[in-house]
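Single chain ahead, by itself, as structure tokens, in the form predicted on its own.
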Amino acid sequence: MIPSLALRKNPFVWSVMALVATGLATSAHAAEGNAAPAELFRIGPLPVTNAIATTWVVSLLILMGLRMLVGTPKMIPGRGQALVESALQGLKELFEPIVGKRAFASSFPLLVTLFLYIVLQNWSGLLPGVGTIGWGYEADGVFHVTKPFIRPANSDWNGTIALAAVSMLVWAYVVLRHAGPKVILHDLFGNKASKSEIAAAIYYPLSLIFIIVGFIEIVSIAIRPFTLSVRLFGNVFGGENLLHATGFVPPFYFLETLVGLVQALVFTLLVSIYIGLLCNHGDDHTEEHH
């Protein structure tokens, strides 16, 4: 077999070549730093951007992938079903101690979906051609992409703010259902000190301090959608520009692979912590009581 034929049949070689070619072809794109998504077409009055198109494609691939792996669930699972069940079991062991047993059933579908969706969206930006093929112009022998056909959804702040808004709406539903208004108000404004352990001269002034802290806590809850969305958007957008500026150098490429996974974990764990702060009180006591 001649060497050239061996190279053509080696998928790893092809992947590396595609990676290098993508990096070389798009090294000039990063300098422009396109923060706004590009509109591809319209459905009635609604614009469809390249980030939205990526959202649809990745969502469709998730559904098709899960359908192909699981198919019709069986008592004795096949390899695909066993793989999915093992992944779900691992995520269950991660999230259940944080959100608590009472809120787990209501919040687990959201947390699993968030993690899977975010990590695949982050990694979609690492594929050759994503964010690097599209309309543009040629200058000094280099083609500058100004309007890519496909772009990672999480590099568009509209996408991450939507994720954060949905997460906080589900958070509100879960904490109202499983904690209730009384627990929420006490957690925000109630005096957490034990009246039997400290003097009254200290206990009652502490109540005023806890009320003030409660209002500060409300402000922190109000800005959670902003902090969640900006953290994810900033990391993905910055990583996208870093890769393009460095021409997809392998160390940065694998660093961004890790960042994509970590940012999905951070976003999902923060949402689970927000739920657990209000719902994960007294689970052990409840279990013992029953």
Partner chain sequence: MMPVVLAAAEAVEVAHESNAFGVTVNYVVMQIISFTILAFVLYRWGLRPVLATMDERNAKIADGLRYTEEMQAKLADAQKQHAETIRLASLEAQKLVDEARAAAKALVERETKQATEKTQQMMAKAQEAIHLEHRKMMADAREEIARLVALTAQRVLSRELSSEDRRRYADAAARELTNV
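Values in this document were obtained by computation on a predicted structure and should not be read as measured data. Residue numbers count along the first chain shown, from 1.
What comes next is about the form predicted in complex with the partner chain, which is not displayed.
Visitor: Counting any non-hydrogen atom inside 4.5 Å, which residue from Ala172, Val213, Ile198, Ala165 sits next to the partner chain in the predicted bound form?
Guide: By the 4.5 Å heavy-atom cutoff, the listed residue in contact is Ala165.
Visitor: Tell me, which of Trp157, Trp123, Phe149, Phe189 has a heavy atom within 4.5 angstroms of the partner chain in the predicted bound form?
Guide: By the 4.5 Å heavy-atom cutoff, the listed residue in contact is Trp157.
Visitor: Among Leu46, Ala51 and Trp56, does every residue place a heavy atom within 4.5 Å of the partner chain in the predicted bound form?
Guide: Every listed residue reaches the partner chain in the predicted bound form, so yes.
Visitor: Sort through 131 to 139, 179 to 187, 105 to 113, 203 to 211 and report the only stretch with a non-hydrogen atom within 4.5 Å of the partner chain in the predicted bound form.
Guide: Going through the listed ranges, the match is 105 to 113.
Visitor: Is Ile161 close enough to the partner chain in the predicted bound form to count, meaning some heavy atom within 4.5 Å?
Guide: Yes - in the predicted bound form, heavy atoms of Ile161 and the partner chain come within 4.5 Å of each other.
Visitor: Is Leu88 close enough to the partner chain in the predicted bound form to count, meaning some heavy atom within 4.5 Å?
Guide: Yes, Leu88 sits close enough to the partner chain in the predicted bound form that at least one of its heavy atoms falls within 4.5 Å.
Visitor: In the predicted bound form, is there a heavy atom of the partner chain that lies within 4.5 Å of any heavy atom of Met75, even though the partner is absent here?
Guide: Because a heavy atom of Met75 falls inside 4.5 Å of the partner chain in the predicted bound form, the answer is yes.
Visitor: Just to confirm, Leu242 within 4.5 Å of the partner chain in the predicted bound form by heavy atoms?
Guide: Heavy-atom contact with the partner chain at 4.5 Å: present for Leu242.
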